[in-house]
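Consider the single chain below, provided in structure tokens and representing the form predicted on its own.
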Amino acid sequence: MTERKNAWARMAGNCHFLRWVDTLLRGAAQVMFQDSAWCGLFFLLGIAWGAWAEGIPEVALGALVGLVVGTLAACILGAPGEDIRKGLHGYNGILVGCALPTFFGSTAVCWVLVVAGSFFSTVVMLAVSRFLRTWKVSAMTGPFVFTTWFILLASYNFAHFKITGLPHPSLPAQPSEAMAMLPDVEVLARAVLKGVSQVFLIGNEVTGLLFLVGLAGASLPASIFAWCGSAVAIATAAFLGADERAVAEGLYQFSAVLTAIGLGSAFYSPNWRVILYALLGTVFTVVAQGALNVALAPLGIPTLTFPFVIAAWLFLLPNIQFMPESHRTPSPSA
């Protein structure tokens, strides 16, 4: 794998087109903090498989459009070249591209919004990053969340939006079917993988497996933390009595997966204190997920990855020194 990575890096360095492809692949991988084209390739394969299996191929197309537009926007706006090459301006766009076709289907309005939203997510990325760099905290997936929330809320005010996947606005209520404390092993295994795949709003076990393989190729600790983050989230949700169907579909796990990777391996170098800190952050993310589910239910919009964003910001702002390798002062677009 290392030889293949080196060969690809040499080819990308000698060809403008391949360099652009490399940048886009890194943008996909940066959703889970990986600066790796190979990881990004597995992520795109996972998205394509999941979109095809779920009968929503427009999600895969939206992911590509969002990835390209978000990266192009960074070039047009004059973002630092090094950040663009690392894919730091592609990952919010790809998430916007996955989300909008999921909620609006494949319509002309939706595709205009995918392009506009992906571009705007880069604008938000630059703005939020500049604001947060004083505190040595990156924007995470906040630009994706803020951009998508604005569009989703606007959809209730305009007749030409075709809403296909948004939750019906409702008052909060306790779940009628709490998850069993000791679920079936097969159900548990599926839920763990779906928790990983739902990072890209796709509930598919094969997709989750492809994501874990891609992560392992870039960083084995990241892959382990992703799997463990999903498992810990399931245990926490079961202990607290979360809705069984929501847990089975991975809806309590995906933000926790990102928190576990971020705190466990991306921003800190793994050791026993980091593991405990990441565990605490992962549990907090599940509680934040439940709280935001309640807060947003009357608005009829999903939490997206905001529970992770809140957890990451809160757990990184103290700037606790756990022998950090990559927790350094971010550039304006990091």
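For every residue, the number given is its place in the sequence shown, counted from 1. The structure presented is a predicted model; accordingly, all values stated were derived computationally and were not measured.
Quick note: we don't show the form predicted in complex with another copy of the chain, though the next part is all about it.
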Is there a heavy atom of Ile310 no more than 4.5 Å from a heavy atom of another copy of the chain in the predicted complex? yes
Taking the shortest heavy atom distance, is Val287 within 4.5 Å of another copy of the chain in the predicted complex? yes
Another copy of the chain contact in the predicted complex: Asn14, any heavy atom under 4.5 Å: no
Another copy of the chain contact in the predicted complex: Gly78, any heavy atom under 4.5 Å: yes
Contacting member of Leu209, Leu220, Ala154, Val187, with respect to another copy of the chain in the predicted complex [4.5 Å, heavy atom]: Ala154
Give me the residue from Ala248, Ala238, Leu72, Ile224 that has a heavy atom within 4.5 Å of another copy of the chain in the predicted complex. Ala238
From the candidate stretches 254-262, 91-99, 194-202, 155-163, select the single one in contact with another copy of the chain in the predicted complex, where contact means a heavy atom within 4.5 Å. 155-163
Scan 282-304 and note down the residues that get a heavy atom within 4.5 Å of another copy of the chain in the predicted complex; none is a fine answer too. Phe284, Val286, Val287, Ala288, Gly290, Ala291, Asn293, Val294, Ala295, Pro298, Leu299
